[in-house]
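The data below hold one chain only, encoded as structure tokens and taken in the form predicted on its own.
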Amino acid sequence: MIEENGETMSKLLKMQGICKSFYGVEVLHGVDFEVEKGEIRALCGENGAGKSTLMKVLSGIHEQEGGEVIYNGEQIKPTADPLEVQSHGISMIHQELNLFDDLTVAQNIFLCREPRKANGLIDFGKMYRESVRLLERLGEKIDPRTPVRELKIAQKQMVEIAKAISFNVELLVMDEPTAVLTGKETEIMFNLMRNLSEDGIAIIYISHRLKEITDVCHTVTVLRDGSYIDTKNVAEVTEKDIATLMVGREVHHSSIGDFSGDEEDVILEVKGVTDNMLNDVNFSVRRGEIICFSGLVGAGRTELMEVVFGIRHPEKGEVLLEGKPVSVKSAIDAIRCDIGLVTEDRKDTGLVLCRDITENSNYVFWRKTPGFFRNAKKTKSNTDGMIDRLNIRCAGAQQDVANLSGGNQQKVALAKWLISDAKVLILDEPTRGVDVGARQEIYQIIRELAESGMAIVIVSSDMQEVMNISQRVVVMHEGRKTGELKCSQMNEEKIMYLATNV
């Protein structure tokens, strides 16, 4: 129990002995979990530990195969569907956005719950007013009549949050809600969480960002490999303690030094890229070098990478590979030029979720292999090798990617380009939604790729990631390049000065 102002908060949720299997593989092994009224409880664990699965059991998406869920002193039946669970006052913000792009912001927030006039018609005026009120509570000024497809990904996440709190909610589950938010938006959301907690609303907060957990949560529960490990008061543990509980070993963070290869061996060069978002941007990367692009939301980093990969066409500028200008007008052109891109949004642009691991990881390999027939032996070797190398937790190569955890989906998105033998690999937010243990594994793979001669370009909003993995950082602000720093020169203050163009 947690005490607030001398009073003990009462029990709201108790999950006991929860079991769940997929494809004959048990992923939750009798997990116990509980939350008090007004408590902000973090739920941590490596990718595939069972965090999202446990919460999907709670929210009625998955039916548990063992155990029971007690909410407000009453048992929720195992066959309860999401609408029935929602009627109890439980709302969940999922890790992957669940919005309808062709509907407006207001229609998404009040989907299936539209306010009605006396004649039964939808009261659009009231729906718009309520949407504005909810969004302003989150510090957002979004026209509720705007189609969701026109929003940036961070704005879409805020719409998801507004939708969740629009219910008469008593328990709010938040699965990686800050993955696409800026620092300012994150702080607004934290203040909202604190206010909801003071009103007696309980929050279950899933995040791989351990600093967020120590900043906003009261307690933390750790799962590992589908089993309950421990619950701690946040005030009594450090980030390192939580990481150690998650992975079952002590986690060490390392940084990389300045580039020590051939300074003249430039493999990728971008000159004078200009369009309505970018302004005369130039950069280069050498064979075996790891560079990071840093900046605030709207700086143009992703847009610049889309130019390099041929999915954005600038008004001016050129791309050179190994000193020769190349025409990259499409993703197919980029693939033919041995350029790879792990996109920011794995769900929409990085993977085909309804296909299995084999198809997703070999897609680029098949495109680059001449001939009509696929080499089944090589395909199997590619897939098995990547599952082993990236430690992809799955039931097998034929498992649909949609049924993997977010972090394991990210590993499959990375595998696609590792198999392709790209000369230049661009990774846009490569560890978003990835746990601390898997993050270190991905960093190690990036270093190994660079050592093998691949040029690595990373876009990251995570300052610690930039400091840990990059040999050089290129900083952008509002479509312009504002500076470069070598590893030995960089610190958070210098990067932030350049990112804000101070």
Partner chain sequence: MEELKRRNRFIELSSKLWKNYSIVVVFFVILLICGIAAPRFLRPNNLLNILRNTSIVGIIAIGMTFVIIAGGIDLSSGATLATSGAALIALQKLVTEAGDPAMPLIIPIVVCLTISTGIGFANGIIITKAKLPPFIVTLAVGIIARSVVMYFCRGATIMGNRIPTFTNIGNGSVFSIPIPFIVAILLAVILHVILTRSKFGTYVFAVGGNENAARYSGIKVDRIKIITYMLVGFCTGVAAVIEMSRMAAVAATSSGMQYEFEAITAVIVGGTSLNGGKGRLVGTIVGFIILGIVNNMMIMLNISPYLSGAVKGAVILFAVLLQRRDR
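Since we're looking at a predicted model, the values are computed, not measured. Residue numbers count along the first chain shown, from 1.
Absent from the display: the form predicted in complex with its partner chain. The rest refers to it.
Taken together, the three residues 56, 110 and 160 lack any non-hydrogen atom within 4.5 angstroms of its partner chain in the predicted bound form. In the predicted bound form, its partner chain sits beyond 4.5 Å of every heavy atom of residue 323. At the 4.5 Å threshold, heavy atoms of residue 234 stay clear of its partner chain in the predicted bound form, well away from it. Not displayed here, its partner chain is kept clear of residue 178 by more than 4.5 Å at the level of heavy atoms in the predicted bound form.
The closest non-hydrogen atom of residue 293 lies beyond 4.5 Å of its partner chain in the predicted bound form. With its partner chain omitted here, the record of contacts in the predicted bound form names 337-345 of 275-283, 337-345, 212-220, 121-129, defined by a heavy atom within 4.5 Å. Note on the partner interface in the predicted bound form: the residue among 241, 359, 269, 170 having a heavy atom within 4.5 angstroms of its partner chain is 359. A heavy atom within 4.5 Å of its partner chain in the predicted bound form is found for exactly one of 311, 229, 151, 164: 311. Of all the residues from 338-366, those having a non-hydrogen atom no more than 4.5 Å from its partner chain in the predicted bound form are 341, 343, 347, 348, 349, 350, 351, 352, 354, 355, 359, 363, 364, 366.
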